[in-house]
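First, one chain by itself: the form predicted on its own, in structure tokens.
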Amino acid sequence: MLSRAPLDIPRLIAERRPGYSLAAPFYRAREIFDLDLEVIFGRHWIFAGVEAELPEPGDYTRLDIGHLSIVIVRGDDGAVRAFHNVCRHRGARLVTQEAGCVGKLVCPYHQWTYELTGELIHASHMGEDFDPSCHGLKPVHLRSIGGLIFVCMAAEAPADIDDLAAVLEPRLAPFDLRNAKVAKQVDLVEEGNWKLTMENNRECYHCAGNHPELGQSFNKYAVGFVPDADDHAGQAEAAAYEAQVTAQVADWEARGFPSVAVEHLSGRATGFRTERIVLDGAGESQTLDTKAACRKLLGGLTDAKLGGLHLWTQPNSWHHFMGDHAVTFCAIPLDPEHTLVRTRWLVHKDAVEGVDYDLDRLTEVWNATNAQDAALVELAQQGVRSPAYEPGPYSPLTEGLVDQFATWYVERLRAHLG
């Protein structure tokens, strides 16, 4: 019987060539997937959801990443907290449903009962010497930034989440996402490694050939397209677009909407990038006609033409915030070759379906785009299984963010392995 030598992960990391895709084992090997869960998802800030999912005290959601499970719950005091989804008695899962509303957190096994703050308040038949105060739920670090929930399961969470908060809070404040509502959530399982999902998201090189719906609101010059030197018409078109962007961004900034790009995608634990991008057409929203899909704008906004505020966070999320609605995306690894992509559409809390917005119109662009992306990720996964696969070069014009993602990923593994 043949035996396979252990995977030499430090060597694979050392051999990673900047500007090129990763070696095949990073997309396929169980050993690296397990390392990803431990290091990338176990020790960094992970996008977990939105406060709008938890409008009332007792509302909770469960998030599973590999063998790790956490419960995120809004307390009676209005605060949102996260705990390991593990009873302090004999370790049973406390919460089995993906979401719900409870008065207390009660273990289904022996009914140990916890306050929404994690305090143990009931454990029968434990004797006089038992001290409930020593058996509260184990907390998980949680930060809500503009209504976006980030969690970190490490004992000591990276402190540079403060930099993300400092940049993002003023940008998200006009949308008042904490008081928005989730109009729709769609879960899609992509047949590919989570890094292929993220790499696909980090570039729009593929958009012109694959995303006709999204292309209605995205200008090709906004995603790295550069006309050839002898394409004079294209050069003029690109210059005109650049002038439009310069004027529009200056106008947004003058009106108090931070818009210029802020990029810290690598070289730190908490990588992110944000920028407000001019949308094509009517310039209002990522819809087929580029006009607002929801008549009631987010927060107290009165102008729908605010472009698209984009946010990318390492390792697992991307977001688009527009005047009328927001779309958030969360990638959750399931196994080495499957990834859950969770998409949520947010609208004003008082917006009424059928009156202020049509749900199909609100969601049709990203439902189509997600399905197209899933097909592309599956193709990529099929390709990296082949012995003919070898890391290929990223486009220096349109795939810089993919390279930043791969660089950040390798940096974090290297920091862990030494």
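Take the two forms, superpose them, and find the largest set of C-alpha atoms that agree within 1.5 Å; that set is the rigid core. Note that the coordinates shown come from a computational prediction; the quantities given were computed from them, not determined experimentally. Throughout, we count residues from 1 along the sequence that is shown.
The next section is about a form of this same protein that is not shown, the form predicted in complex with another copy of the chain.
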Based on heavy atom distances of 4.5 Å or less, which listed stretch (350-358, 46-54, 363-371, 376-384) is in contact with another copy of the chain in the model of the complex?
376-384
Name the residue from 232, 255, 104, 90 that puts a heavy atom within 4.5 Å of another copy of the chain in the model of the complex.
90
Identify which of 184, 81, 206, 291 has a heavy atom within 4.5 Å of another copy of the chain in the model of the complex; exactly one of them does.
206
Any of the heavy atoms of residue 395 lying within 4.5 Å of another copy of the chain in the model of the complex?
yes
Please check if residue 228 has a heavy atom lying within 4.5 Å of any heavy atom of another copy of the chain in the model of the complex.
yes
Evaluate residue 116 for contact with another copy of the chain in the model of the complex, applying a 4.5 angstroms cut-off between non-hydrogen atoms, and reply yes or no.
no
Can residue 123 be called a contact residue for another copy of the chain in the model of the complex at 4.5 Å between heavy atoms?
yes
May I ask you to list the residues of 29-61 that have any heavy atom within 4.5 angstroms of another copy of the chain in the model of the complex, in sequence order?
31, 34, 35, 38, 39, 43
Is residue 98 one of the residues whose Cα moves 2 Å or more between this form and the one not shown, with the core superposed?
no
Does residue 131 move appreciably between this form and the one not shown, meaning a CA displacement of 2 Å or more on the superposed rigid core?
yes
